[in-house]
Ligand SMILES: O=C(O)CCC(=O)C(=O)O
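There is one chain below, alone, in structure tokens, taken in the form predicted alone.
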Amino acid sequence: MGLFDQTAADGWQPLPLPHAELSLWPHWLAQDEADALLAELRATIPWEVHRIRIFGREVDSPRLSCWIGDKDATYVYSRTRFEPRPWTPALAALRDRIAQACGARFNSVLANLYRDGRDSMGWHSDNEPELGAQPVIASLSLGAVRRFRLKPREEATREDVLGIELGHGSLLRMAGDTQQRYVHDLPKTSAAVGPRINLTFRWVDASRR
């Protein structure tokens, strides 16, 4: 599928991913607002290193993270249970704006801080039971431009991979069967890139655990 071209007019742009609902708003936040939000979140979110399980052993995740949400929005990822930290005023206001833009509701957000090109996210899908069968996940990117990739869950060739350059202030909406049919990652890069914050808003249904 190659690399998605963001040169079209701003606003929601559907992305070419068969049997999925994927769209990107390249400049959802103006640069000055994105700059201010990046600085505030770097300073105010209680960043920590999460422990994740890979091939049967626990390791430090290659990024800094924080799980934030309503009191009952407990999340289990990589066999680790995360209790949400309370909403900050900035994140609560941002949640409501993104919910309106995406036509969805959110009660939690996973914040990830990629300090440089060595920090990454491996192939996975957000298909945990508490997210539901067809979750709407909104992903806001701040800071350095990084490449986000998606590929079919079954065996895929290089031509099956869709790459998206997620820029400062961009908003990605994943819905429908995206999480059931595809996996995604954020690979390492040898380029000299600065820090990037990614916020993935979602709805956790406590009754599904």
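Treat the numbers as computed from the prediction; the structure is a model and nothing was measured. Residues carry their position along the shown sequence, with the first being 1.
Missing here is the form predicted in complex with this ligand; even so, the following discussion is about that form.
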Give me the residue from Ala73, Cys102, Leu94, Met121 that has a heavy atom within 4.5 Å of this ligand in the predicted bound form.
Met121
Contact label in the predicted bound form: Asn112 to this ligand, heavy atom within 4.5 Å:
yes
With a 4.5 Å heavy atom cut-off, would you call Leu150 a contact of this ligand in the predicted bound form?
no
Classify Thr189 as contacting or not contacting this ligand in the predicted bound form by the rule of any non-hydrogen atom within 4.5 angstroms, answering yes or no.
no
Please check if Glu130 has a heavy atom lying within 4.5 Å of any heavy atom of this ligand in the predicted bound form.
no
Is this ligand close enough to Leu166, His184 and Thr200 in the predicted bound form that each of the three has a heavy atom within 4.5 Å of it?
yes
